[in-house]
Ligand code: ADP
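The form predicted on its own is given below as one chain in structure tokens.
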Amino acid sequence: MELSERQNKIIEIVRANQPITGEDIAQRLSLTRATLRPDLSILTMSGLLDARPRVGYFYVDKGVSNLTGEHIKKLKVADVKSMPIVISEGQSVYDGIVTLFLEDVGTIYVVKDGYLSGVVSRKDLLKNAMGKNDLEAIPIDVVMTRLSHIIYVEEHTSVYEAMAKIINYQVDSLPVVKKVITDGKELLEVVGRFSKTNIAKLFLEMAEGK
């Protein structure tokens, strides 16, 4: 995955002024810190920058850290994905809450006839649980985010790109899908889950030399 023009500018600024804080970088680019945060996260995770608390960002020259970034870029989602947690579109919000807590995840995927139709987060379910609604009477598809608004990845997507999507869209996880053509219509079969936990596990294994 190629770096954007802004990411290259960030690297140039850090290299020339290290250590430098995120606030200072944002000021030099006339951007807000929040706007810059996804780029800094991507550059840090890819091994191009090193972030030190209360100190700032450093440029990482070619070496072990950069090799770590290169390794991440070569990995595919299929190498690190986990099993998807799904629920049928015909089930209730109550079923969704039970599934969420039994599986200890932040997001569950809603399927119809085996294909992805929506996503439900912990926040979606919590909002409905706080009211006086009959949770067993509310279909899960009433509260889910529908397919047209779902960000997903495929097994051949690079881990680097998947990580960038999680950061840029600020989601807990991404459904891993396989595109299937049925009766001339493209459907998405859910074949896995790529989450922040997968990312943490990947870095831990790399740190342990696995």
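Residues carry their position along the shown sequence, with the first being 1. These numbers were taken from a predicted model, which means no experiment stands behind them.
Just so you know, the form predicted in complex with ligand ADP exists too; it's not on screen, but the next bit is about it.
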For this session: Answer for Asp172 alone: is it within 4.5 Å of ligand ADP in the model of the complex, judged on heavy atom distances?
Result: yes
Exercise. Do Lys74 and ligand ADP come within 4.5 Å of each other in the model of the complex, heavy atoms counted?
Worked result: no
For this session: Spell out, yes or no, whether the shortest heavy atom distance between Ser117 and ligand ADP in the model of the complex is within 4.5 Å.
Result: no
For this session: Flag Met163 as yes or no: does it have a non-hydrogen atom within 4.5 angstroms of any non-hydrogen atom of ligand ADP in the model of the complex?
Result: no
Exercise. Of these, His149, Arg52, Lys185, Lys179, which has a heavy atom no more than 4.5 Å from ligand ADP in the model of the complex?
Worked result: His149
Exercise. Can you say which of 90-98, 74-82, 132-140, 117-125 gets within 4.5 Å of ligand ADP in the model of the complex, counting heavy atoms only?
Worked result: 117-125
For this session: Within 4.5 Å of ligand ADP in the model of the complex, which residues of 26-48 have a heavy atom? Give them in sequence order, or say none.
Result: none
